[in-house]
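Quick heads-up: it's one chain on its own, the form predicted on its own, in C-alpha cells.
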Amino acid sequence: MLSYVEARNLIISSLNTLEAINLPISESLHHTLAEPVIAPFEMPLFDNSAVDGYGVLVNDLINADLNNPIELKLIGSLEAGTKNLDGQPRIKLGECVKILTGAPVPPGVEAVIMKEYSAFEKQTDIGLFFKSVSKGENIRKQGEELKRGDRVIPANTRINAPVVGMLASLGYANFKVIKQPQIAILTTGDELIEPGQNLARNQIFNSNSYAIEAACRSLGLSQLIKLHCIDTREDTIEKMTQAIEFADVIICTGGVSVGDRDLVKPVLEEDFKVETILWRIAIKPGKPVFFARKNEKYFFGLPGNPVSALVTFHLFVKPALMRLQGVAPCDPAQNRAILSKKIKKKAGRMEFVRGIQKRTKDDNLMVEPTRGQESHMLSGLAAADCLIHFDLEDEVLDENTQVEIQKLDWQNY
C-alpha cells in the first residue's frame, strides 16, 4: 500500500488546473487569479491629503507650538472629489488652504497640518496653529504605492476581501479567474435516512452528506449537488451518471472497500471505465481510499465511516481542490507538541490521532488525544483541532513524547 505522502503526491500530480473564466469582481471571492493583477495607472493617481487639515508652507510654522501659536490666513477649501484646481490660488507665506481627507493637494502646498493643531474663531479667516511640520507631512504622494505597469498581485493567488478591494481600486469590473470545481457528493447505503425522519430499526442518519457538503462550503465552494444511492448496481450507475453530468469532482462516501455491497469502485471501473490512480493507503482512519479519473473528471471514494470520510477529505481532497484551482498545495501546517498521555497502535499504518492543543503554564505546547478515536465516533473529531502523527512502524508513543501535530482547519486550505 502507498504511504500517506506517496498517496497525497500521486493525487496532486494527477490533476489539471481547471479552465479560466471571466467573472465580475463581486462574484470572484474564493476563486483564484488566472493572471497577475497589473496596475493600469499610478497609485495614488494624484497628491492627496491623508487627514482633515490645512495645507501650509513649512517655513510658516517652524517655531509653532502651544506657547507660540502662528497666525495664517485661510484662502480656500478643497474636498475629496474636487475636479478642478485651476481656480485655486497658490498659497503664499502667511496663508493656508483647508483640505479634507482624500482631497487633492494643490501645487505649492508643502505639508498638511492636522485640524487638531489649529483653532479658528467663528466668522473669521485667521487661524492659529500650534505645531511645526515637515515637508510632505500628511501628503499621499502620486505613485508612492504603485507605478503604472507594476505587478500588484501574482497569478494563482486566492481571492479574499483585500484582493477584491484591490481589483476595485484599480478599476477592474471583471477579472479572469480559475473556474471553481463543481462537486457531486454521493453517499451510499441502504441504512441511511435523512435527518428529521423517523429512524427505523437498524437505520442511521446520513451525516456524511451534510459533513462533506459543509467541508466544501467552508472552503468557498458552493456549486455542488448531493445524491444518495442504495446498495444496488442499477441505482449506483444511475446516481453516478447524474453526478458525472454535473460535476468536475465526484466525492463518494462508502462503497469502496471489499464487501459484497461495496459497488462504487467496481461500477466506476467496469461500467464507466475510469482510470484508477490509487486504492488503499497505509493510514488509519481511511485505508480504503479510492482515487480515479476519466478525461477531466476526478473521482474520490472515501470510507463510509464518518470520521474516516472527513479525515481523508482533509488529507487528500482539500489539496486536490487547491490544485484544480491553480494553487500549488503546500505541506500541511505542522508543529511539535508534548503528548499528554500514552497511546498505542499496531505497526503497519500511519495513524492520525484526533487531538486538542493547549499551552502549559510554562508555555509548552501540549496535545491531548480526544475521547472516541474509533472511525465511527464523530464526537472525537468534532472536538479536535489537530491530528497527531503516529508513524507507520511505531506501536507506542509514551506520555511526554514530542510528537508532530497537523492543524485541523475546516475553514481554510
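Not measured: the values here are computed from a predicted model. Start at 1 with the first residue shown and count on from there.
One more form of this protein exists, namely the form predicted together with ligand AMP; it is left out here, but the text below deals with it.
A.B. asks: Within 4.5 Å of ligand AMP in the model of the complex, counting heavy atoms only, one of 239-247, 134-142, 319-327, 197-205 shows up; tell me which.
C.D. replies: Stretch with heavy atoms near the partner: 197-205.
A.B. asks: Please identify the residue among E275, E191, D271, D235 with any heavy atom within 4.5 Å of ligand AMP in the model of the complex.
C.D. replies: Checking each option against ligand AMP in the model of the complex, the one that comes within 4.5 Å is E191.
A.B. asks: Pick from Q180, Q88, N305, S118: which has a non-hydrogen atom within 4.5 Å of ligand AMP in the model of the complex?
C.D. replies: When ligand AMP is considered in the model of the complex, the option within 4.5 Å is N305.
A.B. asks: Can you work out whether G255 and ligand AMP are in contact in the model of the complex, taking contact to mean some heavy atom pair no more than 4.5 Å apart?
C.D. replies: Flag for G255 set to yes.
A.B. asks: Can you tell me if D262 lies within 4.5 angstroms of ligand AMP in the model of the complex, counting non-hydrogen atoms only?
C.D. replies: D262: yes, in contact with ligand AMP in the model of the complex.
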